[in-house]
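There is one chain below, alone, in structure tokens, taken in the form predicted alone.
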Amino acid sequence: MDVAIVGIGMHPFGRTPALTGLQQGAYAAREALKDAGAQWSDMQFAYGGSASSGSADALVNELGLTGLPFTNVANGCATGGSSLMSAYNAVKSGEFDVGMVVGFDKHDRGAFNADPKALGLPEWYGEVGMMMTTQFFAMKITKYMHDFGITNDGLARVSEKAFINGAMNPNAWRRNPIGLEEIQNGMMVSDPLTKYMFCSPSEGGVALIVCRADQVSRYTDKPVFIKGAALRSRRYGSFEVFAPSQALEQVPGPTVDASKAVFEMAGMGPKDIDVAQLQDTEAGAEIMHMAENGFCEDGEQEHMLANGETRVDGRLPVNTDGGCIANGEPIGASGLRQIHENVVQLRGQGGERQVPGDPKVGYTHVYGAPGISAVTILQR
């Protein structure tokens, strides 16, 4: 049974002091229902997640007490991708005809700083600063730059593109372009990453309506089909956030495994993708994930970025809505923001940031602690 996305809704990301995270999620849910021409009472199930704004299933208090099964999902930064995959499987199995996927959050200012004990780690791991993900990602990209010839210019070009795209996205938090020199000379947070190379915890909500492919005409004349969805966790020897040690022999991370699985599921390859949304917790993550998802070889990113190949009008547009760097990251909503953006692009509704050439296939990728990756392929 094929599965389609027939409705999308989003509350703008950033800071919204007047609304709770739950209220932003409810806003996104109502927008998705409106987009699909559906009612909350039509929904047969829901999956959703929130890391800092209470249980997602509390949305029934805002939307209506209809008795539907609402499952809470928590999987780090991969929460949104995990929620969508759960809904995809629920419809594909034939158990349900139509339902909602929703995510929202409202994080405090400042970097995420998790508790070592909650992840089974010793206290020393936090005492030396490694629970601050800024430290881990700086360490990881430093090694990658050394091994594959990526430069500070490459890092800055990722952020420059993010802010350019964010300026064209009315739902983005950071709406002002920032030049290469300012990005490179910004305050150093964790060498080699300046403050303009990181995303920030933020607020927002996203919702999707999914249904059986043979019922899309009830809701939309512009369905987008989920051709594949895969989730993988880390294997021994991969270099992941919150890992207290390194194996002598490294193996590929969960992104490589998830990417291979989703391409096989969809019967496609990287060259079939017209637009991609990749996890960009910081500029280096986007660079590494370009290779891990199969879009280039390690080290080729430097040339691709210098030639503008990942810009909106490039050979492989990446993070066309500004990614996490321009939007910030409300954990529950972030992966669903990527799906929302790809649906917008495949519908041809991207406005100033619309990918040219009538894109037909979109790819999304999220990566979460302590080493989880969820990927999807969408096709209209």
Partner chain sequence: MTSATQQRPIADGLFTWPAGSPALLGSRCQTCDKVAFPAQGSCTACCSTDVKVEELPARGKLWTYTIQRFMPKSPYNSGETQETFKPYGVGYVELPGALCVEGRLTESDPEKLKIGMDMDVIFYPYRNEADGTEVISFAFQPVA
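Positions refer to the first chain, counted from 1. Keep in mind that what you see is a predicted model, and the values were worked out from it rather than measured.
If you look for the form predicted in complex with its partner chain, you will not find it shown, but the lines that follow are about it.
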{"property": "Its partner chain in the model of the complex: contacted by all of Ala26, Asn61 and Pro69, heavy atom 4.5 Å", "result": "no"}
{"property": "Proximity of Lys271 to its partner chain in the model of the complex, heavy atoms at 4.5 Å", "result": "no"}
{"property": "Contact of Cys296 with its partner chain in the model of the complex (heavy atom, 4.5 Å)", "result": "no"}
{"property": "4.5 Å heavy atom contact, Met130 and its partner chain in the model of the complex", "result": "yes"}
{"property": "Partner proximity in the model of the complex: Gln215 to its partner chain, non-hydrogen atom cutoff 4.5 Å", "result": "no"}
{"property": "Interface residue in the model of the complex among Glu264, Asp153, Glu95, Asp191, criterion: non-hydrogen atom within 4.5 angstroms of its partner chain", "result": "Asp191"}
{"property": "One residue of Val224, Ala138, Ala90, Ile183 in contact with its partner chain, assessed in the model of the complex (non-hydrogen atom, 4.5 angstroms)", "result": "Ala138"}
{"property": "Candidate stretches 161 to 169, 78 to 86, 231 to 239, 278 to 286 - the one whose heavy atoms come within 4.5 Å of its partner chain in the model of the complex", "result": "231 to 239"}
